[in-house]
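The form predicted alone is given below as one chain in structure tokens.
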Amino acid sequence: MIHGNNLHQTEAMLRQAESIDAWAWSELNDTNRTNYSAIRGAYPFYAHHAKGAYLWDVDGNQYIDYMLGYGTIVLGHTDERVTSAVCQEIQSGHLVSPLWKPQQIELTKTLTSVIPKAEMAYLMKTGSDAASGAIRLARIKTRRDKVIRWGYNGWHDWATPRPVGVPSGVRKDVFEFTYNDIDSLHKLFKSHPDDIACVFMMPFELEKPKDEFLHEVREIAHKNGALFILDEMRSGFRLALGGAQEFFNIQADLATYSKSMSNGYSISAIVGRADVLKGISQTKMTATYFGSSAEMAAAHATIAILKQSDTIEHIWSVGQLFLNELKNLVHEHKVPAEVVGYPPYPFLQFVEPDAMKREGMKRKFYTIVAQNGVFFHPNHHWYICGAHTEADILRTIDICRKGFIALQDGEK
């Protein structure tokens, strides 16, 4: 296990990539600080391989991974059961468009069986695909144009958090409300009576929903003739097998899924009411790669494993251990930070009121933990997977302690 400042290959690759790879240039540009690129010199950028709850960068450094492909990995990296299903499907020919493979029937049947009261499913490739598709279906069903949304719903024009390059007219019918503030939703419906097609939202991010908040949102949407759609990209197949709908005992008209449903393979789905999904026949929402059955095999295998094992219970158990131990550590070292989130999605939120000091604390803490073998994201909640063990959690806590001690030493 190699750690410290050994990022020589990483830096060499970054210097090469900055001039030819638009992704690398964008991430390292001074205007982009939402990523961990602000801690260049301490953080890995290029991975060599990953297995279970661990990843190794191109310099040979090993990390306990808490980002897990932005939550796509729920079982653990390169799970052999999923890999075997994918390889078998590839060997039989996985893209035969315009024909379909039997995997399509198997997966849609699985989705409608594990997601509460789901009647039909439509398979796509990415989360943004499914989100935009759900919005279109809502507009077809209601014959209305306007949309109320909350959370991160993808990169497409109507939802991107950075709308530079997007014509203003594209977003004129899309409004945002405030999470856990039901009055802000009431006001939007009052301002646009009989015009709202749907309320489209993540069930939560860092902040948990207040009692009955999600049910109130659904009730208001239906009272005003709008659909209630849940963006379950992060909550699906990790919060519970049936996602947020099962966990919060709430029924959405449509819900969108990706990430954990396939343990890292690119596939997404819109799932819910058949009468809404049948609106697809009135529009065109197809792409060449939607029919690739390799990813369907990955999703079918992943969901089967989650259904037949205690993986989700294990994620909750070790995630709760992580939250408890991290809270104790914050209290012990009197760090101006809060431990937030549900056990499958823990996060450390620094609350130092001085913005400059807060950013300095974040930089120091995340530098120390990365150099000691833990891969967190400074600006995005983390994830727990089925491959994390109690030993991984306790080792992570010990490394976090080093980060907090470094903060205290800095103050002295």
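Everything quoted here is computed from the prediction, not taken from an experiment. All residue numbers are counted from 1 along the displayed sequence.
As for the form predicted in complex with a small molecule, it is not shown, yet the points below apply to it.
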Is there a heavy atom of N153 lying 4.5 Å or less from a heavy atom of the small molecule in the model of the complex?
yes
Using a 4.5 Å heavy atom cut-off, state whether N224 contacts the small molecule in the model of the complex.
no
Residue-level contact is defined here as any heavy atom of the residue lying within 4.5 Å of the small molecule in the model of the complex; does M233 satisfy this criterion?
yes
Is A294 close enough to touch the small molecule in the model of the complex, meaning at least one heavy atom pair within 4.5 Å?
no
Thinking of the small molecule in the model of the complex, which stretch from 112 to 120, 300 to 308, 126 to 134, 337 to 345 has heavy atoms inside 4.5 Å of it?
126 to 134
Checked M202, A85, I312, L277 for heavy atoms within 4.5 Å of the small molecule in the model of the complex; positive is M202
